[in-house]
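As structure tokens, one chain now follows by itself in the form predicted alone.
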């Protein structure tokens, strides 16, 4: 089959992609959000231990997320902002992963992670209604539906139920990650989406801790059909605490042999002006896969790796 025939065969999925992107933009604009565009390169990525940025003309890296730039806009007083952008992460390749993928991020001043959970519900309801799938559809042999009661577990509840143990504030990272992927995630989001909330404090580098239980952070992830769609949290706005967490993450990166990024000083300085807020990132490609019953991410992008 020629390259042109392969591209022609993707028309239905690419048309779906176009419609979903238009629906997302319309949803946020009608809700009073401002669409923004931030740089695709940064001299100082957020130093997260397990996300590796791709170098792009030293001293720059391709962004792994627009998060730091968008929070600087919040600090300047922009109250509701969203962005749909390509992001880049080294070494991510598989059925649900590309090293370049499309991310939706949105942020709210004077909000917390509970508001973001409502945003997720309203956004998915809107997209599914627009696509005529509000009553449900088949995805790879599983019946999915957006309407009805959504699942909601805390991390402790989910691990206790599906993995047989309960994570504490500081957990064995290898055990936590392995059991999350192998024992917990396969049970989440059938048939309705699932909110997995209140991650251990050690699993939330940029999230605010709960005032009533500082062993957990105000962080949640959105799952559907066992697939992580979004990661959101009430933002940490304490500059000193954020600097301390970044330094700890940089130390972990050094121990693992990863590139030690410089501290994002302009972002840290902006935290002095940042009011309480919340933000979330959603994987657009994965959402398109679910709505389009696609078994592989290659099916819903025109030029996947190796075909470019």
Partner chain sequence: MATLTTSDLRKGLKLEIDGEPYIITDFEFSKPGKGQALYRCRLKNMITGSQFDRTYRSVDKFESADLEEQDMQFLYSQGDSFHFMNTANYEQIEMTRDQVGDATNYLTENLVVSMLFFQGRPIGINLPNFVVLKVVKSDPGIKGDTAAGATKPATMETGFVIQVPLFIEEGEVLRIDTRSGAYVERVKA
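No experiment lies behind these values; they were computed from the predicted model shown. Positions refer to the first chain, counted from 1.
Beyond the structure shown, there is the form predicted together with its partner chain, which is absent from this document and is the topic of what follows.
>> Just to be sure I understand the contacts: of 178, 86, 214, 136, which is the one whose heavy atoms reach within 4.5 angstroms of its partner chain in the predicted complex?
In response: Selected residue: 178.
> Between the options 91, 148, 164, 141, which residue brings a heavy atom to within 4.5 Å of its partner chain in the predicted complex?
Replying inline: By the 4.5 Å heavy-atom cutoff, the listed residue in contact is 91.
> Using heavy atoms and a 4.5 Å limit, would one call residue 228 a contact residue for its partner chain in the predicted complex?
Replying inline: Heavy-atom contact with its partner chain at 4.5 Å: present for residue 228.
>> in the predicted complex, is there a heavy atom of its partner chain that lies within 4.5 Å of any heavy atom of residue 205, even though the partner is absent here?
In response: Output for residue 205 is yes: heavy atoms within 4.5 Å of its partner chain.
>> So in the predicted complex, is its partner chain close enough to residue 233 to count as touching (4.5 Å, heavy atoms)?
In response: Close contact exists here: in the predicted complex, residue 233 approaches its partner chain to within 4.5 Å, heavy atoms only.
> Are any of the heavy atoms in residue 121 no more than 4.5 Å from a heavy atom of its partner chain in the predicted complex?
Replying inline: So residue 121 does not count as contacting its partner chain.
>> Which is the contacting stretch out of 70-78, 154-162, 180-188, 122-130, given heavy atoms within 4.5 Å of its partner chain in the predicted complex?
In response: It is 180-188 that comes within 4.5 Å of the partner.
>> With the partner left out here, which residues of 45-62 have a non-hydrogen atom within 4.5 Å of its partner chain in the predicted complex?
In response: Contacts from 45-62: 48, 50, 51.
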